[in-house]
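Read the single chain below, which is given as structure tokens and is the form predicted on its own.
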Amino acid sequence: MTTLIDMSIADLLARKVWLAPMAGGVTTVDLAVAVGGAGGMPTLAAGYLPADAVAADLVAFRERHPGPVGVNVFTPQPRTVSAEQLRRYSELLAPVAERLGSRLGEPVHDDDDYEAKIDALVQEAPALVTFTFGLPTAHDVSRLHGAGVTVGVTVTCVEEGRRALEIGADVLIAQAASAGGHRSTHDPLRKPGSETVADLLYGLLPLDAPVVVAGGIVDAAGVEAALRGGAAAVSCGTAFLLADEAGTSGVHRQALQDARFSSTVVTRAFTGRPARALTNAWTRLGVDAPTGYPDVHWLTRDLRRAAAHHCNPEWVHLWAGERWQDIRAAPAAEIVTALLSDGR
């Protein structure tokens, strides 16, 4: 018997390019609408937003586009950092904050309004809800399924994929090491691996679930290669960083197109969680942040905001996948069309 969720999965996977949910303002409703209108699968980012703002974004999207939309949620994180570690890192950054006319924030360990977001998403019932940084509970998955929602989990290795399916996930989003922004490893203390898209497909496809791959795919050749390798679809984030509709900050846009920034690095420096960003003065400090998310995120947030305000790219998080040099500024619809030119 075919269920509503089965039909939803088929519809979602017919859209071969998915917009990655880039939290912090990059994935705007405008960007999601443009991607959906061009035949892609848009996923809104719930990270750092209260539940009512997430619901408002869904309403705003639906007022402008009749197609499916997803929402990505951060799972609550275990506390992995001590007050002493945070104090030492704060002392290292305090002079930088002072030079920028800012101050460091209070490190807070919160759950990003997780339970309220689950309640809101069960009520609003988008086509898709995905989870990052770990697993939801089987109960959360069951509630979403009861509302007709397809559930996806971002994974970075086979074992994470296996556990995601055990709690009822319908789709695996496999994030390779080349991806920009936060690594989605479920164990914050596990050293990030070097898995490629091909490695993850080889390991995850035998689990017999749809696999959507992510990891620095910015052109049609990359999309086509992933689909030929067995991926059900491709999730792209870096490819849309320069989209006209993206909320990428001015300093971030400039850095992505500045030849002075010639490499990326995986670092905990900005938030306490491993993430791939352009190499700048902050990543070259030689002392990485302790493993402590979201504590370090809140500690450094005002410093990063001050640097962005002053258009100083050396002290802001410049998320980017390994292929960032191949992206271009354009309307999002043109980017989708280019990505799909050989990948339908």
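All residue numbers refer to positions in the sequence shown, first residue = 1. Remember, predicted model here, so these are calculated numbers, not experimental data.
The discussion below concerns the form predicted together with a small molecule, not included here.
- Query: If contact means any heavy atom within 4.5 Å, which of 213 to 221, 114 to 122, 198 to 206, 261 to 269 contacts the small molecule in the predicted complex?
  - Reply: Every other range fails; the passing one is 213 to 221.
- Please state whether all three residues 36, 61 and 126 have a non-hydrogen atom within 4.5 angstroms of the small molecule in the predicted complex. Verified in the predicted complex; spot residues all out of contact, no.
- Query: Out of 26, 278, 29, 306, which one falls within 4.5 Å of the small molecule in the predicted complex, going by heavy atoms?
  - Reply: Spelling it out, the residue with a heavy atom inside the cut-off is 26.
- Query: What is the one choice in 172, 241, 226, 144 with a heavy atom within 4.5 Å of the small molecule in the predicted complex?
  - Reply: Looking at 172, 241, 226, 144 one by one, just 241 meets the 4.5 Å heavy-atom criterion.
- Query: Taking heavy atoms and a 4.5 Å cut-off, does residue 75 contact the small molecule in the predicted complex?
  - Reply: Outside the cut-off, so no.
- Query: Taking the shortest heavy atom distance, is residue 136 within 4.5 Å of the small molecule in the predicted complex?
  - Reply: Contact with the small molecule, no.
- Report whether the minimum heavy atom distance between residue 17 and the small molecule in the predicted complex is within 4.5 Å. So residue 17 does not count as contacting the small molecule.
- Item | Contact label in the predicted complex: residue 289 to the small molecule, heavy atom within 4.5 Å | Contact check for residue 289: no, nothing within 4.5 Å of the small molecule in the predicted complex.
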